[in-house]
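Coming up is one lone chain in structure tokens, specifically the form predicted alone.
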């Protein structure tokens, strides 16, 4: 059987994963002070349920959801709340955050283990997932409990665990599949139980042969789950591309995976689900790849939520001379940081430091030459050059005529553009100025 893939568009950037692909996950000690944002998810921000001066424990809730599409936030250490203030995020937005002084004791809320979790009712399991504050940990950060609540007229028949990790440099999911394959599959089994699904799939790009090996081996003890190798092609890990590759179903324009009876979850999310339903453990830490030519000692680290990125980089020996860009996430869809005084959140899959050599400076871009390469590369079959030209001239509303909101900002168009036009950045601008 050949490797599975999607048929339209896609690119092949160097994956640059050898910096950390073979490095085991290390635990990073929590810093003396943490800044925990109350909005680490798509949807409404949480409201604080603690006050300055209050003592908190590890796993205690510090942020309560204010809407259906939201997710709880918990303390990742024990200590005292210093203040609640606005703090910049990786996107540049100011986010209300809880600043906690770590007492170094890690005194935790007592958690009750449930070894018989798989036999619990679906509603019980879903409530544990909700209370744990689990979101899509691949970067999209959509609340998992919402994904697990499709309307009755849209029944789900398949669940896909996204192990593609197609972003260059990043290896956090890779290492999770190598080191915790049983736990990841247990998380998938819980998802199948919650949604009443008999078919579970794990899609893994073929450049992670050890992960495929360990996951296939672990699958022997699970009924209805298949591990499927995927062709190495960006953006293989995008939900719509993954669904096309594995199930040959196309999500309609403006639609969601549930429209084709599918739910897609990330590897890290599946692991967090297992931790939540068995140990009642909320999300207070995540695996982060700290990598790139600009990092002195690249590592895969388990990092407490709220740890400043500068502290993570310092643990890796700091940056090398000549570093010109630090990115939260991957180089294709991540955000370049203007400061490393930014906290790690549930969606921080990587910290990538790049040196000047090989970087493209998009402020020097030229006029569109109508070569069509961006159209060939677009996995959604859109016309990215039209977005770029319209935005350049201020015709933002006209972008809607070309299905602006079907673009998920993978950056393939920008990567292949010979005129070095910042197409994906222009698309983001249009989306902020145009109403759906």
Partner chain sequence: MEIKRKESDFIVTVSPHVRSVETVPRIMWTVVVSLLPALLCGVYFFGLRVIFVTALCIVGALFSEWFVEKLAGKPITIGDGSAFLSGLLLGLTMPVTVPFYIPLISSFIAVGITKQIFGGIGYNIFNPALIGRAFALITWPRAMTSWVEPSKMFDLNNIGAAFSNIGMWLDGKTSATPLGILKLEGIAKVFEPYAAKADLYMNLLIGQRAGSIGETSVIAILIGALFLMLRRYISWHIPVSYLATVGLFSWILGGKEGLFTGDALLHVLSGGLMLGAFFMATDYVTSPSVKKGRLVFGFGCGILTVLIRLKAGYPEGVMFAILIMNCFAPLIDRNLKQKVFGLRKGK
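What we label the rigid core is the largest C-alpha set whose atoms superpose within 1.5 Å from one form to the other. Residue numbers count along the first chain shown, from 1. This is a predicted model, so every value here is computed, not measured.
We do not show the form predicted in complex with its partner chain, though everything after this point is about it.
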query: Interface segment, criterion being heavy atoms within 4.5 Å of its partner chain in the predicted bound form, picked from 316-324, 215-223, 120-128, 277-285; finding: 316-324
query: Position in contact with its partner chain when the complex is considered in the predicted bound form, options 403, 60, 33, 39, heavy atoms within 4.5 Å; finding: 403
query: Heavy atom within 4.5 Å of its partner chain in the predicted bound form - residue from 79, 235, 292, 334; finding: 334
query: Complete contact of 46, 188 and 196 with its partner chain in the predicted bound form (any heavy atom, 4.5 Å); finding: no
query: Non-hydrogen atom contact residue 369 with its partner chain in the predicted bound form at 4.5 angstroms; finding: yes
query: Any non-hydrogen atom of residue 253 within 4.5 angstroms of its partner chain in the predicted bound form; finding: yes
query: 4.5 angstroms heavy atom contact with its partner chain in the predicted bound form for residue 417; finding: yes
query: Contact flag, residue 51 vs its partner chain in the predicted bound form, heavy atom cut 4.5 Å; finding: no
query: Stretch 220-251 - residues with a heavy atom within 4.5 Å of its partner chain in the predicted bound form; finding: 240, 241, 244, 250, 251
query: After fitting the core, residue 391 CA displacement of 2 Å or more between the shown form and the other one; finding: yes
query: Large Cα move at residue 371 between the shown form and the other one, threshold 2 Å, rigid core; finding: yes
query: Threshold 2 Å Cα movement between the shown form and the other one for residue 428, core superposed; finding: yes
